[in-house]
Structures are given as structure tokens and as C-alpha cells.
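Encoded as C-alpha cells, the following chain is the form predicted alone, with no partner shown.
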Amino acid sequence: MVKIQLNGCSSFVQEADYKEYVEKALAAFDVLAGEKGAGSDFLGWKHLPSKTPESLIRDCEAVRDDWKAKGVDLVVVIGIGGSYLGARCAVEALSHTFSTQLSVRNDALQVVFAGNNLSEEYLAELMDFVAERNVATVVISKSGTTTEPAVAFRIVKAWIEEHYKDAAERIVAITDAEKGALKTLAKQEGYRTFVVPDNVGGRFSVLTPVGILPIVLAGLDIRAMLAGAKEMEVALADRNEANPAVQYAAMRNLLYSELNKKVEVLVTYNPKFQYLGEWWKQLFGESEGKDQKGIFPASVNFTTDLHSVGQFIQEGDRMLFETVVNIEKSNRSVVIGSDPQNLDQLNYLAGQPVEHCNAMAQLGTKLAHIDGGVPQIVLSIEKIDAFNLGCLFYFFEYACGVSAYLLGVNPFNQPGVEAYKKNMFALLSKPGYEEQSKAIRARLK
């Protein structure tokens, strides 16, 4: 369960103003709950936790078991944006940080990600790695023609076809149910396929096969994740002022609209949640950043980033506020020992777990940043595990829908992402872009 704490904002906002925004958030909640607002064709994510069939999970497990029987030890997951960020967040958060070095997860396939950039060096080094392993791939694309994943898939597919007689059995496509280049190729080659639901946008797709299959392949507990998301699905369906999604949407929009806080910094105090920040940035950035509106989403990992951007957060332009993801309990314990010389002057901490130091750093930072003019929202989970990550995924998705409707934008479209693509296609001389190519080259002169 995700719990919310707003006392870090109390010195910045008036209670009457907050109540006004809670009423606005409840009105936005009604739009989302009633499924009649802009983009309502893309609300399939709302009931995924309670409606995902066990058969889908078993089908994903069958792929895992088949590949393990073939000796596969590396899976390249190819996708960009919502087609990889949720899965990568889960893998990074729930795996042992040094699993590949320690081989502590012998029951799991190693999952790596490609197709999320156009770096030639990255792809070359990926193929160096592929050449030393027993490989399969999952390619995720609704159309099959998105440039970044299409380039990566062409390269990885060619390598698999060259090196394995059972190449088609080592490729799974997660794509449209009926149409598109990838669907056509999958039919021609006999790839196993899973469906990207038509009513779920990419950034809301972590609990569809887009996220479920990579999570299962990595040996993680998808059933627990869905159970956590289901708990939040039930909790957030309750229309009241104590609903944490309503409170989060109300406060962040109050800070944005009334206090000109235009940047929200998602803060974590555990490096396992680095990709939670990346997933969250896409979710809110694509959902709210339109019509010349929206809070700019940024993320940091403390205490590391206190030694880099900490100075700016403390004393820079006061256009930001923080949302801290608080983890109540550590899954591991490491106690600081005593040293006879005490040259590092740490004996005052002898006998304390490291997490105690982390917690005091978190509390001290909260006080310092509030004193420095930075409001702070705190979202708490019990610990980092599959259940609580499922809670977080669903909480942020639902709160994002409420917040965007409160802001007055369609949470489920992303018209702005096409602008760079048109320019890129013109510069690459893609067929059909001849006139645009002439115009843009003339402009660049």
C-alpha cells in the first residue's frame, strides 16, 4: 500500500487552497472513474491487476522454461519508452545488484535491453556480449517500424538467424493483435506472439505482456506484483478526500498553479529505484506535457546526488518541489563496526545499521530543503519487493490520470513525439519524405 504524507508542504500552502484543489482533484477523479474524458479509449490499464488471466502468466512461464531448456542464458529485450521502462524498472529494483558477477540467480535468465537508443557504440558492445552467450530476444513494438527498436531488432535477428537453426523459436514478438510490420513478420516466420492491448498506451503498459514477459524471464514474482497493483486498484477506486491519488494530484497541481513550482523532482534513497525515476518521468512527461502546460519531471537518487545537484535544490531557483519515495524497511542489514584508531571519526556510529544513517540523511535533507524553500511530498511503501513495486506502478498510473484531467489535458495522447521523427526521417532520406527533406536541408543551410 502506498501512503502519502503532505506535512512537508504545510508551510507553503494555505489549508483553504488545498481543500479547493482537493475538490478539483475529486472532479478529475470522477472523469477518470466515469471513463468519459479525453482519451477514454485508452483506459484498459485501470483493471489489469484484477483482470489479468493466470493463463497469460503461464504462457510467459512456458517461454521461459522452453528457453532455459535450450540453454538460453541471455535475453535481449528490444523496445523503447513504455515498451521497456517498466520492465527495466522491475528488473533493476528486484534483482541482486551484483547478480551477474555473483551468479546468485542461477534459476533466472539474464535480461538486457536494447532498441532504446541509436548509439552505434552501444549496439556494437551489445553484440560483443551476445556473441559470448546463448541468446534469445523479445521485440516489443506496436507497429514494428519505430526506428530505434527496428534497427536493434534487425541486427539482433540477423545474428540469431546466422547462429541458430531454431532461430524462430528464439524470437518472441509483443505487438498488435492484427496489423503492422512486426505482426506480419511474426506470422511469416512463425514467432510466438503476445498482444499489446489496443486500449493501453505504452507508458501504462507495464502490467501487460510488455512488462509481464520480461519480468517473468528475469525470474521475478509477477503474481506478487499484480497482487500489489490489485490492492491499489481497490484502494484508489474509493472516492474520498483521503484517497492518496487524489491528495497527490491536488497538492502537485496546487504547487504548480498557485506557487509556480514548475519542476517536480522524484527523490529516492536507494539506487535500486533509479529506473523507477526513469519510468515515472515518461509517465508524467508524456501524459501532462502538452498544450503549453505541465510540470517538468526530473529525478535524483540521494544521497548520491546530494553531492552533485544538491546545491541547486538547496539554494537554486525556487521553481521546484520534491516527491520522495520513502522505503520504510531495508531487506538487508549491514552494521557499522568499531575501529580502535577511529581515524575516520565514525565510532559514534558503531553498532548502527547503515540504513539508520540513510534514514537520518533523509530526515535531515527534508528539513534542510523545506527550510530552503522546497516543498516536499512523501510517498511511503513498506519495502522494495514485487508486491510494493506493483503498488507503486498502479498508484502513479492512477494519480497521473487524475492529475492530468485536473490540469485540463488528455493524459493518454502524445502528439508532440512525432515532431522529431518527421525531421529525422527527412534527414535520413526515408522514402515518402522527399519534400520535407528538401525543405529541412534548405533550412539547415
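Predicted model only: the values in this text are computed from it and were never measured. Just count from 1 along the sequence shown to find any residue number.
We do not show the form predicted in complex with 5-phosphoarabinonic acid (PA5), though everything after this point is about it.
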(message) Exactly one residue in N243, S141, N253, T268 has a non-hydrogen atom within 4.5 Å of 5-phosphoarabinonic acid (PA5) in the predicted complex; which is it?
(response) S141
(request) Could you work out which of T52, N388, Q376, Q414 is the residue within 4.5 angstroms of 5-phosphoarabinonic acid (PA5) in the predicted complex, going by heavy atoms? (result) Q414
(message) The chain here is shown without 5-phosphoarabinonic acid (PA5). Which stretch in 198 to 206, 256 to 264, 118 to 126, 86 to 94 comes within 4.5 angstroms of it in the predicted complex, by heavy atom distance?
(response) 198 to 206
(message) G294 versus 5-phosphoarabinonic acid (PA5), in the predicted complex: is there a non-hydrogen atom within 4.5 Å?
(response) no
(request) Although 5-phosphoarabinonic acid (PA5) is absent from this view, report whether L217 comes within 4.5 Å of it in the predicted complex, heavy atoms only. (result) no
(request) Find out whether any non-hydrogen atom of I80 is located within 4.5 angstroms of 5-phosphoarabinonic acid (PA5) in the predicted complex, and reply yes or no. (result) yes
(message) Residue-level question: is E286 within 4.5 Å of 5-phosphoarabinonic acid (PA5) in the predicted complex, judged on heavy atoms?
(response) yes
(request) Determine the residues of 262 to 283 with a heavy atom within 4.5 Å of 5-phosphoarabinonic acid (PA5) in the predicted complex and present them in sequence order; the list may be empty. (result) Q282
